[in-house]
Structure formats: structure tokens, C-alpha cells
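Have a look below at one chain only, the form predicted on its own, in C-alpha cells format.
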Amino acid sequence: MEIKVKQKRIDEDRFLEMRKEVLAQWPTGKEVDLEEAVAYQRSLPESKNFMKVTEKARKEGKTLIWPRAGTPVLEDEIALVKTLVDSGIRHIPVTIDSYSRLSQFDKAQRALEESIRTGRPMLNGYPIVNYGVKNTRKLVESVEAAFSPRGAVKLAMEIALASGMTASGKSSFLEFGSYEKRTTLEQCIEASQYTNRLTGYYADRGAIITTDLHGWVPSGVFPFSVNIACMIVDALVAAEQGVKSIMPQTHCEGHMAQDIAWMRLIPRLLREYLDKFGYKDVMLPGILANQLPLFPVPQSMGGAFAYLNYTAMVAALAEAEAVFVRTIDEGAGVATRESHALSYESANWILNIVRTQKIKFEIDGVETEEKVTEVEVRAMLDKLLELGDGDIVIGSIKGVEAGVLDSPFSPNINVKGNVLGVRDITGACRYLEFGNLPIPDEIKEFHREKIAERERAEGRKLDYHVAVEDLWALSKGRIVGVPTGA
């Protein structure tokens, strides 16, 4: 099958034609006046610009909390963001509901009307397309903070940016590997190219929008080399479409040496590869530490507080510019405004006490983990470029088809799923099954030795069942899983 999507900037005339079809999807698309929106973006104060807020945190030596939040009724959403700002939040998320993410705006409209009628939220987020630009600007103007849409597809991103949101998170591999069932990587990259091109259009006219990238987040305990390689691909795709500000995200899996090693490695490799391919003018304002979204959340209150504060601690020690932490009740349902405030008060205690001390320390194993991961990432990117004959997009699409890029427990049927990860005796993530990942033999042997050490200590072979046990470990207050009933 011919691959139609390539690593090439969308011609402006073609892009403007594409926009006509996108804006026609729902009546509020008529509210988007691109030139007026650019002017509105340029008029916003630095306190509302995502990149400027992040750069300010870096200069002041602070780590800001970046939460997740969204509710369907506009008045409730405004009340929620005011609660967040009162809790010290300066990066404001607007999580978009699931119907809108699937472009099912008619269903979102019915659920919105039912939410207003009953006073009960019937959507799991904010239906930005249904509200449109005029109403969403009321939200953006309600507080002094920088807004970021979460889960925005093409029309949703058009409205978000025209409303004054200054971030545009759109990660092809996150959607492909974690949220889609049948959609191909080619389709996900094509969708990302549109939103990235839109962001680039603003940037070309002096309105800088920051794109945050996840890469391919694994659905289980798994080393992060695939994630980092895919994050770099996502960054190159964004930069080609004109994005000028990129903020990488790294996810903490609970082993501090690995978590910090990955946080050190990602910005360095990202800068290197952006420069290598000619995107030297792309800025990296900071890095976001993140709680892994697909691990089970502790069900007890004490465990929930501990889980979010571990991530805050790692972010503080690694001097990250921002950190995403879960609320204490996320494992039980939709978070309340009160739980948001309490959760961030707790995390901010860690950040304000630990981050300000500028602690310099050495944790055994950080250098080793960084070196091992770097070798793995470079090997993967080299193979993708080989498969694509220099085109990283074509190489990535072929790489997924060949299992050169792979991840365990993905919901997408287009993923090979021939790889598996477990923890070693210290809790670090290791490859149990390599599939067709292009990892050098000496690195494979490193992982095998670490796994053999745990097997000798526990007197059993590590297998799929152990991978599941390790998946549940953090929610049970452990770094390494144990057999059920043990």
C-alpha cells in the first residue's frame, strides 16, 4: 500500500482549502476568523502565553503544576479554572469531552443540553466546538493563566487557538498507541500535520503556540526508549509544519534513577535531532514530568497522596519546569473542585520546599540508565530513517508495520504487540520480550542479566503474569509486583 503522508510542510494554499472543510463541520466554525485570531493571540499578556509562563518558571527556578480538568457547563468550567488559579496553577488545561474528540458534535450538543437541564455533568470534559470562540473566550479571559486544550481534533483546535489558548498538544503516537482501536499511524500523523500546520500559521505571524508531546506512552511497565524515539519523531513532524515551541513530556514509572535519567536525556536528544534536521529556531521552553496515565491509581487516600507527591518530588529534584499530578480521587471518578485544590496544595508543598533548595545529588544508576536508553533510542531512529530512505514519517509508518516500533497492551489492532516489559529486582523497567525492536545485542544482554538477577532472587521465571503483577505494583504501594495472595 502506498504511503501518502510524508515529512513535508503542507502548502499554504492547500492548507487554507483544507480549513474550509474543517470549519464547515459545525456552525461555530464560522466564528473563526484566522487573521483576527492571530491579532487576538498577539494581544495577550505574557501571563497567558504558555511558552512565556514556562520560560518564567525556568528563570525563577520553579516547577509549576500542570493538572487535567474539564467539565461541560461553561459556568462550572469557569468556576473550576478559578479554583485552579487560586491553588497556584498557571498552566490551565481544558480537557475536551470524548464525543468532541471523535468529532461527534451532535452527540456532544445533546449531552451538553442535558447537563444544563439536569445540573449533572453528562460529558467527561468541555465541548469546545459546541461553545465556539465567543463563549470560550469568556473562559480564557476569566483568569490570568495560560490555557492548553487537551484532546483537540482539527475543528476543536481551530476554536481553541482562536479563543486564546496558547498550547496545542497533538501527539500522533499517543493517539495511535493509547486511544485508537483501528486508526492507522498514517491517519494519526495526517491529523497532527493539520493542527501543527495551524500552529505554524500562527507562528509565522508572530503568535507562538507551544506544542507539548507525549510520544508513544506504553500501556504497561516498559522501558521508555520507544516513547522517546516517537517523541522525537513527533517533534520533527511538528517542526516541519512550522511549530516554533515544543515542550516534551516524560512519564514517571516509579524507579527514580530511570525517571530522572529519562528527564535528563529527552531535552538533550530532542535538541540534537531538531538541530540535525535544520529546525534550529524551534524553542524548548521546558520539560513536563508526568504521572503515567495508564497505570492503576492507588485506591486508598494515603496511596493517592503518595503517588502524586512522588511525581512532584522527582520533578523537583530533576528541576523540571512543570509537573502533571493526578488528583487524589481520580481513581474513583471525576475529580471535584475541592479535590483539585487539596491535591495541588499537597504537591505544591513538595515543590515549594524541595525545588527551592536546588538540591544537587547523585542517585546510583542514573548515568547507566541514561546511556542505555540513549543507545536504544538512536538505534530506533537510525532504523526508521533507513526504512523511510531519510523520510522519518514514512520510516515510522513502515516501522510500526514491521514491529520496529512496538509497545505492549496497546488497544490498537495495528500494533504488533510482540514486546513485553517487567521490572528488575530494583524496580527498573526492562525488556522481557524484544520483538523486532532494533536494539543492539550488548544492550539486550544488559536487560537479560537484570531479569535473570530477579529470577534467581524470586526463584521463578518472569513472564506475562509477572508483567501484569508489575503493572499493579505502584497502586499497591510497591515498586515490584508480587504474586496474587503473597
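The structure displayed is predicted, hence computed values, not measured ones. One rule holds for the numbers: they count along the sequence shown, beginning at 1.
The same protein also exists as the form predicted together with another copy of the chain; that form is not shown, yet it is the one meant from here on.
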{"property": "Partner-facing stretch of 74-82, 146-154, 281-289, 249-257, counted where any non-hydrogen atom is within 4.5 angstroms of another copy of the chain in the predicted bound form", "result": "249-257"}
{"property": "Another copy of the chain: the contacting residue among 363, 375, 191, 387 in the predicted bound form [heavy atom, 4.5 Å]", "result": "363"}
{"property": "Another copy of the chain: the contacting residue among 204, 113, 106, 345 in the predicted bound form [heavy atom, 4.5 Å]", "result": "345"}
{"property": "Non-hydrogen atom within 4.5 Å of another copy of the chain in the predicted bound form for each of 265, 269 and 324", "result": "no"}
{"property": "4.5 Å heavy atom contact, residue 237 to another copy of the chain in the predicted bound form", "result": "no"}
{"property": "Non-hydrogen atom contact residue 436 with another copy of the chain in the predicted bound form at 4.5 angstroms", "result": "no"}
{"property": "4.5 Å heavy atom contact, residue 3 to another copy of the chain in the predicted bound form", "result": "no"}
{"property": "In the predicted bound form, residue 354 touching another copy of the chain (heavy atom, 4.5 Å)", "result": "yes"}
{"property": "Another copy of the chain in the predicted bound form - contacting residues of 262-289, heavy atom within 4.5 Å", "result": "none"}
